[in-house]
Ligand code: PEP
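In the form predicted alone, a lone chain appears below as structure tokens.
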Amino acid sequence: MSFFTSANKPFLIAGPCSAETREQVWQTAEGLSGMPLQLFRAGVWKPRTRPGSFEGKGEEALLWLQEVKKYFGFAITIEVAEAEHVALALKYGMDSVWIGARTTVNPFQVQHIADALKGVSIPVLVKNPVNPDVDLWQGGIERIMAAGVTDIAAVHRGFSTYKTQRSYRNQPNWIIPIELRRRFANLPIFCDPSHITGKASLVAQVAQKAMNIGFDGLMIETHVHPNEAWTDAAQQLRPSELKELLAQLIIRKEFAPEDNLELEYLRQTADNIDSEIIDLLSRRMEISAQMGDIKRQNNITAYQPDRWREILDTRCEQGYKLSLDKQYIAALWQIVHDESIKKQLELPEQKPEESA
């Protein structure tokens, strides 16, 4: 069984964004004692956006975490961004390490960490890269796997955006961790609602959404005095607030057909409709190819802007009348139209005598 596999969901990781002082780390751990905590987290080295910000206490903080581990019995996880960090984590008996979003984005750096982990039996968490790139996330995980690490989990912490008006600090883009789950069916995936939201008041709702989707655990930043935190003060919960969140959290179970016959019937119905949609899309592409032949014979370009605008307007309006979101229809028909144009452009050129 994997270190990250827990009989009782969620697998809970909590603790301060940064280990600031011995007293702050100790008091936060004391506030978390008695909760179903699998890992106590704390940032020891902090990769900051700009110089001059608090960049962590480094090796000194590892001593504080050792004390927390010994007294409270918590397993400890810290972020590592360099091979030297891995060596120190092992030296001070850290139970797990995680690779942060700013490191996952750099394959060279991930490889350095993977090389440092070869021959080491320690659980590793890999956060998604700052940009929404599932291949890059997958690559980071595969590098750690190739090093021989068997206990690996992914952490979804959202993705950076240039938009200034936004509800969340980092956009969730839920489809990306869902795609990662498709690629790694047995990989535990946790959610970091603290970094997604950037606001303590929104952490609970995102944590619940992660549970609704079927995530395996949560990584939640928790500080004994959030307002006084040296980093990310706005997104950290007090231990009492975390306890309340856990009490209200609804855990969804995996679906088995025998659990709900009505749901299984609806699933089968949806499968049948999907099959019909695929048949219709195939027919749509056949028609597109025929239109492409006619366009070539009459020296007409494959892409017709006026016709495309007409299709988009009419399909969106038709969908709207049937309670379908216009943006959804537009995005769907953009894919259909792109494939149609691609199909027409791939048609073989006809020799003059063949079209006579």
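Numbering starts at 1 and runs along the sequence shown. Values in this document were obtained by computation on a predicted structure and should not be read as measured data.
Missing here is the form predicted together with the named molecule; even so, the following discussion is about that form.
Residues 46, 79 and 101 are all found to lie within 4.5 Å of the named molecule in the predicted bound form, as judged by heavy atom distances. The contact residue chosen from 143, 157, 181, 85 relative to the named molecule in the predicted bound form is 157, the criterion being a non-hydrogen atom within 4.5 angstroms. The partner is not drawn, yet in the predicted bound form one stretch among 107-115, 172-180, 199-207, 93-101 has residues with heavy atoms inside 4.5 Å of the named molecule: 93-101. Using a 4.5 Å cutoff between non-hydrogen atoms, residue 223 does not count as a contact of the named molecule in the predicted bound form. In the predicted bound form, at least one heavy atom of residue 17 sits within 4.5 Å of a heavy atom of the named molecule. Contact annotation for 114-129: a single residue, 127, has a non-hydrogen atom within 4.5 angstroms of the named molecule in the predicted bound form.
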